[in-house]
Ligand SMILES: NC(=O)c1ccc[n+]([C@@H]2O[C@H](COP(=O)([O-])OP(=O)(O)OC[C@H]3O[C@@H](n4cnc5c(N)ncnc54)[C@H](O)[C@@H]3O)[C@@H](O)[C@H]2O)c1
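Below, in structure tokens: the form predicted alone, a single chain.
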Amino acid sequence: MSIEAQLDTRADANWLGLTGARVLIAGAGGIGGACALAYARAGASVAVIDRDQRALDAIGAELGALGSRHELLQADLTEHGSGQRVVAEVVDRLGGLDVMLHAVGINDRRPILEFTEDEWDHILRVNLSSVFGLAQAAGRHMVDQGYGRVLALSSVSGLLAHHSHGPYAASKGGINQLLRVMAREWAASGVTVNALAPGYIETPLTAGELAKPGKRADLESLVPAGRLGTPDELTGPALFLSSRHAGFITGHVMYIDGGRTLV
């Protein structure tokens, strides 16, 4: 049998084990959108959550072109109780929930001395509190069923002391530790909890910063790989950590950064 035929056989065997999986993704654009398409291509049913209806419509059109089963829900995850409501709705629509990925975040690149308390609170609510609400609700369901995969996007900023990233860095460091505690508490119930920590990725969140003169070259010079990443380069790690092969991996922060955290 040729190598090509062997690869086709492995693909047909659904080696990831995600065919029929029920997946909830918070965040319709950038990395969240790329992951939604990747899960759909792996055979999963996907529910995408976002507050922006235009972003939902855009990812819905792409998912529809794949012929995948998908659901779109408009919701603001910063509202109290929204995580519980969203998970209940997704479980009802998809018939259950096996994988949750939180891929929502904002940044405001200013020195710490320039922030007001309200601005601090807003970033922490969007980036960190929404993870707590959504993951807690998903965790309750998954612990009861004895299986689940919980993922959230962190960042290299949760480890490195980037200038003008105070609230953002605090939120990402908070995500790392929150997920570690969830992993510890839910491990015996068959639920894994891990963080994906991108480096410098070309997304709508970074577009404005990359457009500044010389900024792209400055960032590329900090990455041993010599380039920035793309949203599609997050999809493989997300699929793996959601798969049947990752059942004994929990409480980890996986850096996907071209070596940025090495220097």
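As the structure is a prediction and not an experimental result, all values here were calculated from the model. Start at 1 and count along the sequence shown; that's the residue number.
Omitted here: the form predicted in complex with the named molecule. The next part is about that form.
Proximity of Gln84 to the named molecule in the predicted bound form falls outside the 4.5 Å heavy atom cutoff. Although the partner is absent from this view, Ser45 stays clear of the named molecule in the predicted bound form, with no non-hydrogen atom inside 4.5 angstroms.
Taking non-hydrogen atoms only, Ile123 never approaches the named molecule to within 4.5 angstroms in the predicted bound form.
In the predicted bound form, at least one heavy atom of Ala75 sits within 4.5 Å of a heavy atom of the named molecule. Interface residue among Ile31, Ala238, Ala40, Ile59, judged by heavy atoms within 4.5 Å of the named molecule in the predicted bound form: Ile31.
Contact with the named molecule, judged by heavy atoms within 4.5 Å in the predicted bound form, is confined among 90-98, 182-190, 166-174, 136-144 to 166-174.
Of the residues in 142-180, those that come within 4.5 Å of the named molecule in the predicted bound form through at least one heavy atom are, in sequence order, Leu153, Ser154, Ser155, Tyr168, Lys172.
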